[in-house]
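Just the one chain here, laid out as structure tokens, in the form predicted alone.
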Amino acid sequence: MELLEIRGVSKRFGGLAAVDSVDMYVSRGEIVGLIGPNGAGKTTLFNCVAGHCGITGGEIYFDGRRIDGMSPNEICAMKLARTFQIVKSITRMTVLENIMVGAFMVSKRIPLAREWAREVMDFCGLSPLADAKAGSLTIGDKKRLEVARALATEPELLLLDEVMAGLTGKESRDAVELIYKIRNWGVTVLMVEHIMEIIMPISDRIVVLDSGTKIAEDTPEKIARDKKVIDAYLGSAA
């Protein structure tokens, strides 16, 4: 049984099919990359999986249980967490307090939530910034905080939506190292990313969307040679 199964999922906004009959899966322990040009439906598919928007057709299963139609809180409680393309930190709260927001999914007791949040904060390399206001952070640290808060919910599957966008070269390399650490921590990863030099080496499999439709799914090596992918996304110069 796969950890995540997406079966024929569609999402329409009026006459527009943002996601059109997509089938895909994520197995435990994988890092799966989801790529495609702007407007391909990647974030919409994330929103469907995480419960932030309802689906028009199809079914979504997490750990053998159907989750489409559930609320984001219910899905998060089942151990599926996500980050957002536009960071959503609570700017007036400290880094530690932001991570505690996620930790309250694990324990409602403040001392236990704080202890767990500190462990996650250290894991993500944010301990030196524990008392800094989230609004004062650099974009790189804000992205890392977004990941930490999601990790604090103790997920089995983590959806990462463009966590490398806007980062410097060093910050991107640090983010890649963190993703490997997350997988080694026992968390499965499904990630959207536009930077091909990053997502290709880090992924076990790549799924490609174009205009809401899945056009390819394979190893990074085969995806890089797939003519449909090159035409739709990589460009003929690739």
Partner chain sequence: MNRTFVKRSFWTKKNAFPIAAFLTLTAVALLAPVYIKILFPLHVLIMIYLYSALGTSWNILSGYAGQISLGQSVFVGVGGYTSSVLFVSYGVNPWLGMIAGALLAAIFGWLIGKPCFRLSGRYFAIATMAVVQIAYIIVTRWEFVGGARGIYFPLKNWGLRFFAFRAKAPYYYIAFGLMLFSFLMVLIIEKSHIGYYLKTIREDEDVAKALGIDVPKYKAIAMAFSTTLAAMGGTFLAQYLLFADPDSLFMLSIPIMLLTVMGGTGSMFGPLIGAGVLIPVQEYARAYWSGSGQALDQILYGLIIVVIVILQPRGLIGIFEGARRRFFRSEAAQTKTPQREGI
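Quantities reported herein were computed from a predicted structural model and do not represent experimental measurements. Numbering follows the first chain given and starts at 1.
Beyond what is shown, the protein has a form predicted together with the partner chain; the following relates to that form.
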Quiz item: Closest heavy atom of residue 125 to the partner chain in the predicted complex, within 4.5 Å or not?
Solution: no
Quiz item: With a 4.5 Å heavy atom cut-off, would you call residue 91 a contact of the partner chain in the predicted complex?
Solution: yes
Self-check item: Proximity of residue 180 to the partner chain in the predicted complex, heavy atoms at 4.5 Å
Solution: no
Exercise. Could you confirm whether residue 52 comes within 4.5 Å of the partner chain in the predicted complex, counting heavy atoms only?
Key: yes
Exercise. Assess the spot marked by 73, 106 and 149: is the partner chain within 4.5 Å of a heavy atom from every one of these residues in the predicted complex?
Key: yes
Exercise. Can you tell me which bits of 99-114 touch the partner chain in the predicted complex, meaning any heavy atom within 4.5 Å?
Key: 100, 101, 102, 104, 105, 106, 108, 109, 110, 111, 112, 114
